[in-house]
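What follows is one chain in structure tokens, specifically the form predicted on its own.
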């Protein structure tokens, strides 16, 4: 029987903690929140301590943080409609670029696997893609207005420059650059949720995507390429994404975040009922009609659990953030 054990509770933020992001090496964590600060936590001798507090980048709540794949840069997204890019080239963390253009609160920021692209999304219904032109210089490569409502989350494919976004309009959109036209566009709209899609997470292959929603469900989507064995139709010879599994009856309130572990294949969710839940694909699961089992549920916080994210290096280690102001580090014991 699996068991989620609390390793450490990290406190220091005032008010809600909205986001946390692991450094690619897994031994550094950035957190952000309502207090307009970013805290950089470092693990030493199996204890996490706050080494740095960044407080001069934003004028309003910081909603999300994301490390670049090289680990040299940290992007932070704020309700002040800007993204700050931090680096440590001088020896201390400094904000060396501020990205402006969104009209309203920025909800999410994410680096592409290559590290050459950054995506942001906002309450202004748009998704922006930024190209790193040269050191500390970012150029807007695309403004995508495919959604009709507030965009909650952006997430890059783990292996390709394909972007997914989740929205208040109940849909997920997928985008890629049409090289012949040097222009980004949406090539798929995933519809099955009946309310706001709060978050999305690819599996390690990028052929599956998990989503979570205000409709209290988690959905698993699968890509079918032209000529697939099942005979799923692929109009215009383009891959299609289908909902192949819906997990319902597990969550009692809005599911705010989802993380699909690239190391173990486990899925964790953060919920408005203050819980963390962990799902595992059944051993006898059919890839085209997968079944997932709830292997652990835990009252994690005293208020809404806002985010969950699996450590990219250490299997079974999970971070959660909450409206209660705490960040918690967990370890799943098999």
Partner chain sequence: MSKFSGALQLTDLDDFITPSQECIKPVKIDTNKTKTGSKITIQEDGSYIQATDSGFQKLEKVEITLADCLACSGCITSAEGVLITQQSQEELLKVLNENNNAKLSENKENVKLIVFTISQQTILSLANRYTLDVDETTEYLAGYFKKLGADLIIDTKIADDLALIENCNEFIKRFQNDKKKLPMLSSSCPGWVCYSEKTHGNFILPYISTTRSPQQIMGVLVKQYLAKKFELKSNQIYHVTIMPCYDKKLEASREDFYSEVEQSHDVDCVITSIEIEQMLDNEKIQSLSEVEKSTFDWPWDTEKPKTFIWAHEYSGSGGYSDYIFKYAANQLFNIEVNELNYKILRNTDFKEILLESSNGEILLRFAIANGFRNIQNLVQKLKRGKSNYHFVEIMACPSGCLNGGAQIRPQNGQTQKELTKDLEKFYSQLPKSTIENETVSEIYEKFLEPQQKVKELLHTTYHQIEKMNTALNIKW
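Computed from a prediction, not measured in an experiment: that's the story for all the values here. Residue numbers count along the first chain shown, from 1.
Missing here is the form predicted in complex with its partner chain; even so, the following discussion is about that form.
Asks: Can you tell me if residue 85 lies within 4.5 angstroms of its partner chain in the predicted bound form, counting non-hydrogen atoms only?
Replies: No - in the predicted bound form, heavy atoms of residue 85 and its partner chain never come within 4.5 Å of each other.
Asks: Please check if residue 229 has a heavy atom lying within 4.5 Å of any heavy atom of its partner chain in the predicted bound form.
Replies: Because no heavy atom of residue 229 falls inside 4.5 Å of its partner chain in the predicted bound form, the answer is no.
Asks: Should residue 142 be counted as a contact of its partner chain in the predicted bound form, where contact means heavy atoms within 4.5 Å?
Replies: It does: once its partner chain is placed as it appears in the predicted bound form, residue 142 has a heavy atom within 4.5 Å of it.
Asks: Do residue 306 and its partner chain come within 4.5 Å of each other in the predicted bound form, heavy atoms counted?
Replies: Flag for residue 306 set to yes.
Asks: Any chance all of 5, 155 and 292 sit within 4.5 Å of its partner chain in the predicted bound form, going by non-hydrogen atoms?
Replies: Negative, none of the three is within 4.5 Å.
Asks: Looking at 182 to 190, 204 to 212, 69 to 77, 218 to 226, which stretch has residues with any non-hydrogen atom within 4.5 Å of its partner chain in the predicted bound form?
Replies: This holds for exactly one stretch, 182 to 190.
Asks: Looking at 252, 131, 161, 94, which is the one with a non-hydrogen atom within 4.5 Å of its partner chain in the predicted bound form?
Replies: Only one listed residue qualifies here, and that residue is 131.
Asks: For 93 to 114: residues with a non-hydrogen atom within 4.5 angstroms of its partner chain in the predicted bound form?
Replies: Sequence-ordered list: 100, 101, 103, 104, 105, 107.
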